[in-house]
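Only one chain is included here, represented as structure tokens and corresponding to the form predicted on its own.
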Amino acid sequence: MNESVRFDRAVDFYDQTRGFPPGEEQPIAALICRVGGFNEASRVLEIGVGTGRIALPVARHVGAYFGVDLSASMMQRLKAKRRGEAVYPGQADAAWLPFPARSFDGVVAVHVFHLIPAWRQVLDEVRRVLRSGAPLVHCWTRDDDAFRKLGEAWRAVVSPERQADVGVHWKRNPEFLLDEGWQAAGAEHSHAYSVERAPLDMLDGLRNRIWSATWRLTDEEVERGMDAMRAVIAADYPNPDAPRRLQTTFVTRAYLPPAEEPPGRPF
């Protein structure tokens, strides 16, 4: 797959399935700003801004918050939620950013590099638009393994090639930037919160193709994976509709670009 994953089809359910529990967005926004060294004068860019689940709370802490996304419909949802925040979204490819060099005090990327095959080109563009000494703040999540057996059952019957990330594999989140020559500007920081989810919720999510990894699968592949998960649920979960409390950890770390200059391009 050579194209980045677009989220147009997720507009109507994105906030319900990816949003934070009420009240958690503020400490996460404060964490991002602390890790990035952002303040009320900072000019920040987010790649993959979507519906603004990160942009809107972070914007309250900075001077101006810009965002790019492939999906115009996702950003329309952001604009509908905006209540005076200085957030300026625009449709663009993160691999070809429509901004001059050295124009931002920081770039934010939250759980997005797995969706972009040309992620190295995105990193070159991020380097280009960052001001000297400004960081890329990379964020991802870690979930507990309460439903580990369900995931294993799914992966056992769905071809690994069909379910692989099109960009950076999620397991490489902690180190891929280091492997590309970026320098960590401090340690990882995290914020933990909990959600409630039942085993049957997992099946519903797959049936409704909530997760982007299912969008390229056939109906037969999805059903085969769900059948394998149903067998595990029948054997291991006597109350499959009973919610379980799951812990999610939001992880963020700041990185500085490699010392050499990024490739230039004319404007």
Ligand SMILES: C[S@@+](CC[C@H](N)C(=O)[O-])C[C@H]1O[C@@H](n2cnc3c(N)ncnc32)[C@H](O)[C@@H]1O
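None of the values given here were measured: they were computed from a predicted structure. From 1 onward, residues are counted along the sequence shown.
One more form of this protein exists, namely the form predicted in complex with the ligand; it is left out here, but the text below deals with it.
Of the residues given (Val107, Val87, Leu123, Ile116), Ile116 alone sits with a heavy atom within 4.5 Å of the ligand in the predicted bound form. A heavy atom within 4.5 Å of the ligand in the predicted bound form is found for one listed residue only; from Ile210, Met226, Val68, Leu217, this is Val68. At the 4.5 Å threshold, heavy atoms of Val49 reach the ligand in the predicted bound form.
Residue contact with the ligand in the predicted bound form: Leu45 places no heavy atom within 4.5 Å of it. Contact check for Asp93: a heavy atom falls within 4.5 Å of the ligand in the predicted bound form. Within this chain, Tyr255 is remote from the site of the ligand in the predicted bound form, having no heavy atom within 4.5 Å. Of the candidate stretches 192-200, 107-115, 178-186, 148-156, only 107-115 has residues with heavy atoms within 4.5 Å of the ligand in the predicted bound form. Taking a 4.5 Å heavy atom cutoff to the ligand in the predicted bound form, none of the residues in 171-202 make contact.
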